[in-house]
Structure formats: structure tokens, C-alpha cells
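Single chain ahead, written as C-alpha cells, the form predicted alone.
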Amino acid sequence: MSELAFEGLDQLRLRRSAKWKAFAPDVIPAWVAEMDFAMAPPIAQALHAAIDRSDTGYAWPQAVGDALAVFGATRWGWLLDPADVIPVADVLTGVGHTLIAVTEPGEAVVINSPVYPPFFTTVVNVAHRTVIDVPLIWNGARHGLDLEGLAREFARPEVTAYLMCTPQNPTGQVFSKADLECVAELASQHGVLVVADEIHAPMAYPGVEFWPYLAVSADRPAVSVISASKAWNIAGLKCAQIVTNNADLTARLRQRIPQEVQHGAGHLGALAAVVAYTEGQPWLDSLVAHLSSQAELLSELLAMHLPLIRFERPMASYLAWFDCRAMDLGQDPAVFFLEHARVALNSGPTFGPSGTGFVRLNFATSPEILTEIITRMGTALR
């Protein structure tokens, strides 16, 4: 495996990305989905080489589809057709324009809160469709899909699409193959098109089996929107992929999604995505092992410093969903921790009504910085 290169706070504060510019210098940012590691060497080399040859033109989309097909087959046994891959700038752009293309005005889209906040705004403000929320259910240990609730809402005539987040953000849960098969059956029965946001999929932990939704839905047409952006920390380079499992659906998307959107992926983003998918798996394996270790460390730190927080250990990615309601910190504990601990977290209420009293923490950092974050939070409560 390729080793991760950790960066300290002084070096990280030299970055000019959103994570490091949004707050005062004394705040440790643990909010937006950016990681604190040095870039994977093969990607850095490819980008440096592109700049050296002044290769900053338009993206060549075919290479991205070919690379994703290699990665899908190698990582998950997912056999996708590169011809069914449409590169776009980012996952939300892909989601929004897919929903516009496959639904009509007056129709509704099901989501599951707590969920990535832009799901709400993308459905309502970009696609101009109605949101119907079927909240995740809590079984005493982790969140999961409310399959009975999905069946009930899918039966409504205005519901024509289901926007699913898998692996789930903010809880980090990976849904079982059986649950995904049930979703596929319900969607087929009620004529609902599933659009799966799978941006965190490459970061499923060791021993956790992730199933791409299109591999499970088989001959039932569906859409996945995926990207190398989160797993390799290259979101700013702009390249995501809309993928289908049906040639007719691909043709419909190509016809209905504006050409400027289909050509919106950045050339450097496409180059980086190709390298990530074809040469970046050793680095990714090191990342996933580290994230799993960080989740374990996080459990230990919480038991020591913040025992009243209920922590749902994730199965993928680097997001921790903290239930802070036992500490009586109000509807949005992120406000308290920013003011008193100088730690920036994501506000739980932005993830939907069930996020009241919760915060989301990004632990894609070094053990030392994570320890400092949780220590600060615990000290603020004394």
C-alpha cells in the first residue's frame, strides 16, 4: 500500500480551500468534506505533467468512462459500459440535471433524512420538484432504510424518483445487498427511478461489502452519480460521472441534459479521475485503513472526553454523526462548539428535521489533530 502523508496544522493553514478559509485561524475546521492529507502521488505527478506541457484544454470524456469501468470491475465486480458514462462537473450537478431529465413538473422525489443538506435544495431549487422525506430509522445501534415507509411513499402517484445516498451521508452507513434489492423491487413495482449518489463508495471500510446500486438493480433502469472527488480529495478539480445501466436511459439523459452541462467536467479533473481510478487504489487502500483506525480512535476519545455523545460508528468514509442531545446544547450544538471549543462542525439541523441536536464531524485528518479536536470539545463542557 502507498503510505499517506500527514500534514500538520501550520502546513494545512497555508491552503486556500473553503475548509481552511471559512473560519478564524484559531479554529480547527472539521466540517466540509475535504481531507487533510497530501495528494496521492500518481495524481500529483499527472497534474504537474499536464501543467508542464500546458495541457489545460477541454476534457476528453471517453477516458473517464473507460477508467471508471476498470475501477468498478476491479473494486466491486461491477461491469458497467463506458458508453453509459456521462462526465459532469460534480455530483450535485449530475443529480440535479438527471432529476430534471427523468421527472416532470409537479412530480415528487423521495429522500431519506438526515441527509446531505444540498439534497433538499437540489430537488427544490434546481430540479423544481417536491421533496418527500422518508427518514432513516434507528434500530438502537445504527440508522437504516425505512423500507415500509419507502413502499408507502412510492405508491403515491406523484412520486417518480428516489434520490438515495449510499454510502449514507452523514451517518456513514452502507446498506446491505438485501435492502438494495428490496429498494429495486419497490421502485420497479411503482415506476420510480432510483438515482443513487455513490460519491463515498470507494471508501467502504475493510470487511464492509459495498454494492453499487446499478449492479443490484440488474435489468431495472437506474442512475448512479459517482466521483473520485471525495476518496482522492480532488473535488476542486471538477469531474463526476453520471452512469446508467440502460442504453435507452443513457440516450434520454444525453438528449435532455444541456450540452454545456455534459461538457462541464474540468480537464484537470478528468485527468486526475483517470489516474485515481486506474493507478490510485494502493493509496486508497491506505486511506481506508487509516479512516477505519480513526473511527476506532474517535470511539476511544469520545468515551474519555465526551461520554454523553452517542456516536454511530460509520462503515465508510470519514464522517461522524454525533447525537449531542443528552448534553442539552440546544438545537444546533455546532454553535456551542465553535464558540467555546473553537472547533468548526456541520450543523445537524441542516441535514433535516431529525438532525436537531446533532453535529457532523470530519475525521479525515491525523490522529494528533483528531485528538486535539475532541479534547477541545470535551474541555469546553467542563
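We number the residues from 1 along the sequence you see. Computed from a predicted model, the values in this text were never measured in an experiment.
One more form of this protein, predicted in complex with a small molecule, exists but is not displayed; see below.
A.B. asks: Using a 4.5 Å heavy atom cut-off, indicate which stretch of 162-170, 143-151, 297-305, 257-265 touches the small molecule in the model of the complex.
C.D. replies: Heavy-atom contact with the partner occurs in 162-170.
A.B. asks: Do K230 and the small molecule share at least one heavy atom pair within 4.5 Å in the model of the complex?
C.D. replies: Yes.
A.B. asks: Given that the partner is absent here, does I199 sit within 4.5 Å of the small molecule in the model of the complex, heavy atoms only?
C.D. replies: Contact check for I199: yes, within 4.5 Å of the small molecule in the model of the complex.
A.B. asks: Find out whether any non-hydrogen atom of A33 is located within 4.5 angstroms of the small molecule in the model of the complex, and reply yes or no.
C.D. replies: Yes, A33 is a contact residue.
A.B. asks: In the model of the complex, does D84 come within 4.5 Å of the small molecule, counting heavy atoms only?
C.D. replies: It does not: once the small molecule is placed as it appears in the model of the complex, D84 has no heavy atom within 4.5 Å of it.
A.B. asks: Of V192, L92, L136, A270, which residue is found within 4.5 angstroms of the small molecule in the model of the complex when only non-hydrogen atoms are counted?
C.D. replies: Contact residue from the list: L92.
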